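Taking the form predicted on its own, here's one chain by itself in structure tokens.
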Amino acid sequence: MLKQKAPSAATRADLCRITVRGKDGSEDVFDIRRNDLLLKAAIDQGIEYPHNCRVGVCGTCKTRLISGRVSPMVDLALSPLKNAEIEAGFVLACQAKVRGDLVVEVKLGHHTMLPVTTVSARVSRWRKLPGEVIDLRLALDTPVHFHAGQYATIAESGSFTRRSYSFYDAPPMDNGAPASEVGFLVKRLPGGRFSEWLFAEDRSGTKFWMEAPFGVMGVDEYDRDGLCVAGGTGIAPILSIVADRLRRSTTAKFTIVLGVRSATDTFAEPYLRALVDQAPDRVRVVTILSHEPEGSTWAGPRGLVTEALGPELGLDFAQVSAFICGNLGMVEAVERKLIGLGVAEERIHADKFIPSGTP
């Protein structure tokens, strides 16, 4: 398949030809301005390029450079790329300044890229959940579109303290209608400026602004069974993805493995139960506790979330799509475990929590 995106208004001499080859034999071609960042230029043209953090930390946009030259904007030795990947020619598209025509290998999605918009909103639900988590829902003054697994940046109106959280809702299915209300799961972080403010009192009715949607997660065949692994509030995009895929496929089954510290942190139980009730023969949930006191009444598995991943799940690991969300260390550990179990690397889709760096 050969597809060419419309070039920008720049003259031909200013443009570089980007040829994207997929492992399935597909080929996409588009032009970008010389010295532009590869990822940003692709997104600006509506190309569904895999990405998440866009600042060179998560590694989601890693791309194999087959030919051509780019200038990395970060030291690759300090990037999430492994040594073997660097030696194999991988770069981070979000940090790759294009110097000339390129041939690259990466798996593009073929959904319609949604425009990022900023809208005003008001808190329609502020509810404390177990485990120091807030279910925060925003009623949007202007409805927005988003794909399952994407995230938004939110802030109180008038505040410069902004944070990014994944939507936990599935996007509306009514003829592509935008969402007029969206929900987030916000974990309280000791000393965290935004989460401490949010937890201080009921914020119902408070004015917010939201910028969205961002990120790409969950690009895979809808009928393929899914293994979803989350740590803590990383369950939010998983809830969105599973709910969306249950509607889009009549056959795909999902195993959700959630890792939390103790039985007092099972904040996600009602949301997971709703998915199981929706499709009891297609959704199962395994909750594993890492710090549950000995002698408690918890009868489920104990340990790190990676310890719940093994043959006992009864999955054909070579055939599943994996969706992972949590902190960087947890996601990388799960990725290694799943690859060892036989999950194809190109079928692993990850959303890694990146510390904001701001209290």
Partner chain sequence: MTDYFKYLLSPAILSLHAWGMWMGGNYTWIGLAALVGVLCFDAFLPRDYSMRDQRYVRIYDVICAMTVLASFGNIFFYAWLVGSGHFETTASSIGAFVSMVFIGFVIGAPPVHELFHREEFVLRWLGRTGQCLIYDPWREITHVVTHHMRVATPDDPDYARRGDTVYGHILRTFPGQWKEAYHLEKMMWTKRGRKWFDPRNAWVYKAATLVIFTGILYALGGLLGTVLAILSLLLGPRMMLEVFNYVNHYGLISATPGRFEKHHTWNHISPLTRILALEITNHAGHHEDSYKPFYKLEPDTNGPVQPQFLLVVLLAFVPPLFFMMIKPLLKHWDQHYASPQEREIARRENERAGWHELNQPDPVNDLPPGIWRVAEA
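Since the structure is predicted, the reported quantities are computational estimates derived from the model, not experimental observations. Residue numbers count along the first chain shown, from 1. Basically, rigid core = biggest C-alpha set you can superpose within 1.5 Å across the two forms.
Below: the form predicted in complex with its partner chain, not depicted.
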{"query": "Sole residue of 261, 127, 247, 99 within 4.5 Å of its partner chain in the predicted complex, by heavy atom", "finding": "99"}
{"query": "Option touching its partner chain, based on a heavy atom within 4.5 Å in the predicted complex, out of 81, 108, 170, 140", "finding": "81"}
{"query": "Stretch in contact in the predicted complex with its partner chain, which is absent here, among 179-187, 263-271, 277-285, 155-163 (heavy atoms within 4.5 Å)", "finding": "155-163"}
{"query": "4.5 angstroms heavy atom contact with its partner chain in the predicted complex for residue 201", "finding": "no"}
{"query": "Its partner chain contact at residue 89 in the predicted complex, heavy atom, 4.5 Å", "finding": "no"}
{"query": "4.5 Å heavy atom contact, residue 209 and its partner chain in the predicted complex", "finding": "yes"}
{"query": "Partner contact for residue 73 in the predicted complex: its partner chain, 4.5 angstroms, heavy atom", "finding": "yes"}
{"query": "Contacts with its partner chain in the predicted complex, stretch 180-196 (heavy atom within 4.5 Å)", "finding": "193"}
{"query": "Post core alignment: residue 92 C-alpha displaced by 2 Å or more between the shown form and the other one", "finding": "yes"}
{"query": "Threshold 2 Å Cα movement between the shown form and the other one at residue 327, rigid core reference", "finding": "no"}
{"query": "Rigid core superposition, residue 35 Cα moves 2 angstroms or more between the shown form and the other one", "finding": "yes"}
{"query": "In the predicted complex, whether the C-alpha atoms of residue 76 and residue 343 sit closer or farther than here (change of 3 Å or more)", "finding": "farther"}
{"query": "Cα distance between residue 56 and residue 161, which in the predicted complex differs by 3 Å or more from this form, closer or farther", "finding": "closer"}
